[in-house]
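What follows is a single chain, given as structure tokens, in the form predicted alone.
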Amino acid sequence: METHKQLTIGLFGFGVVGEGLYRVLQQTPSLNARIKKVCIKNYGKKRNGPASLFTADKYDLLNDRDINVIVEVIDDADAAFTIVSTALKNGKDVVSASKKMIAGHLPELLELQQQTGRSFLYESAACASIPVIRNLEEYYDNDLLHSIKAIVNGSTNFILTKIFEEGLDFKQALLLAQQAGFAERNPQLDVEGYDAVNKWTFLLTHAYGIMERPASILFSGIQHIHAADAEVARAKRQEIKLVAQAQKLKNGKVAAFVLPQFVKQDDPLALVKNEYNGVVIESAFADKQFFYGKGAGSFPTASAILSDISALRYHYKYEYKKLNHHLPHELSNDFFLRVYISFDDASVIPRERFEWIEEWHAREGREYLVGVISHRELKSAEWWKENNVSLILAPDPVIEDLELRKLKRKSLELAGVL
């Protein structure tokens, strides 16, 4: 078997990331990889490369026997799936950055990898420059992995940083993120949490062997966060971040969600600013480990793609160890979350659905409460996504012990809170 295979690349997409990769490969001749052809949608647009490099016909790449690697960095999930699946069937290895496509089609893509024996790598789709997938695959045994929590969307983190540290309003901060190339073409994907939950879907596969569609995971974005919430966070000396979290419960199942969360100043995720991503992994014996790096932008994403391309020289594949060689874990609905909720109209808050309410405050026309509610209720209800309601998790939000819950309720009754 050859050790260092020559890589001839067909590249789909020449936007911020695609052009970044083209430039990075020009600066790394030692990699023994070259881009033979780039497929683009708008052939008439001027590009920073020789005209002979570009084509609008995908089959110029997919049917070229000389091309043995397809790199796909487009933002159309359906077209990306067609490209990736055709490339694997045609005996080519594939590197992808399409979060939505991977999240929506991972079972089919796993089957294709098994059928064809080709590699399908997508480190850049998770946290751009942070090698979190490779670490979860190679380093952490799922029985010893207590929890993983992360900021996986650089755009929302950039927006929240600008709101908190520069006093910008939401629209100003979003515009800045788009101008810097950090936000998706459709900002809803970032702002409403879709991008983050897509990433979390396949990170759960590598962390715990869980194979679920994005719709199975409780999530929201930062679209409902109110200026008053930022004031409360400052008063509590905390930050607000969009946090993806997975935690192993005592019953062996996993609690997983992607929601805004108050983060204490001594939490490593509080250090993650602007377009950076951060991942905190807690395991049985290594305690907490913190990964930090740029989560958006041309070169950070291109660097992760470059790492995957480099790994193909050694015939590297994801083994999906937690899925194939362990007993895969399951997602749980049977746990509770401590939440902060702010609102203008108290009548829209279904108090009876809370296990208990610890605080209720009114400040300058906007009220907020802190209470405990079941994950199952949040998953099935819409009231907290409407009516100008803002929901943010408390730090360390998961409550799983039913006895503790009963004792807490009893103590609140005795205190006259209920």
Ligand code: HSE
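For every residue, the number given is its place in the sequence shown, counted from 1. For clarity, every value in this text was computed on a predicted model and none was experimentally measured.
There is also a form predicted together with L-homoserine; it is not shown, and the following applies to it.
**Q** If we take heavy atoms and a 4.5 Å cut-off, which stretch out of 187 to 195, 209 to 217, 222 to 230, 332 to 340 is in contact with L-homoserine in the model of the complex?
**A** Heavy-atom contact with the partner occurs in 187 to 195.
**Q** Please tell me which of Ala183, Ala304, Val71, Ile83 lies within 4.5 Å of L-homoserine in the model of the complex, judged by heavy atoms.
**A** For this set of options, the contacting one is Ala183.
**Q** Only one of Val152, Ile148, Met101, Val94 has a non-hydrogen atom within 4.5 angstroms of L-homoserine in the model of the complex; which is it?
**A** In short, Val152.
**Q** Closest heavy atom of Lys199 to L-homoserine in the model of the complex, within 4.5 Å or not?
**A** Within the cut-off, so yes.
**Q** With a 4.5 Å heavy atom cut-off, would you call Ala296 a contact of L-homoserine in the model of the complex?
**A** Yes, Ala296 is a contact residue.
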